[in-house]
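Presented below, as structure tokens, is a lone chain in the form predicted on its own.
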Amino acid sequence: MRSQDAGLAEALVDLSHHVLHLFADAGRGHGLSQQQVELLCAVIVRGAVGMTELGRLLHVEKPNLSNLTDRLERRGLVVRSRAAHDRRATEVTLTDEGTAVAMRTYRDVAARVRTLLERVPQAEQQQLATVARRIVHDEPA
């Protein structure tokens, strides 16, 4: 690996950790753990999500995922139901309150990131956005 590639990789890892901390901070403001915020965000992006897929997305073992989901369900933020396509499978969906909390948390994080970006010239922000989309969505150069 070339040294400039290592520098970029390290910078991206640092940035991802920083954004995760922003999510954790914003979540705490809504009485949520980082894992709870991650679960809400995973569900809001995908709609109904099966428990198996949710475990893969969050890198959480089944017993821990069940406990995490139980806590959010008790707060009225998610509901579990049988999947229409497979009655043996369970899906998680957000309640109206869960959607509202997830969106408030997302908006909080986006506002914090925008504040950080105020230090970066607009042209560089556009370049970074293009590169980030290319990396995340595997778009061609």
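This is a predicted model, so every value here is computed, not measured. A residue's number is simply how far along the shown sequence it sits, counting from 1.
Beyond what is shown, the protein has a form predicted in complex with the DNA; the following relates to that form.
Enquirer: So which of Arg46, Arg80, Arg112, His30 reaches within 4.5 angstroms of the DNA in the model of the complex, heavy atom to heavy atom?
Expert: Contact residue from the list: Arg80.
Enquirer: Mark Arg87 yes when one of its heavy atoms lies within 4.5 Å of a heavy atom of the DNA in the model of the complex, and no otherwise.
Expert: Yes.
Enquirer: If you check in the model of the complex, is Leu68 within 4.5 Å of the DNA, heavy atoms only?
Expert: Although the DNA is absent here, Leu68 would touch it in the model of the complex, with heavy atoms inside 4.5 Å.
Enquirer: Given that the DNA is not shown alongside this chain, does Thr99 nevertheless sit within 4.5 Å of it in the model of the complex, heavy atom to heavy atom?
Expert: Thr99: no contact with the DNA in the model of the complex.
Enquirer: Is Pro63 near the DNA? Define near as a heavy atom within 4.5 Å, in the model of the complex.
Expert: It does: once the DNA is placed as it appears in the model of the complex, Pro63 has a heavy atom within 4.5 Å of it.
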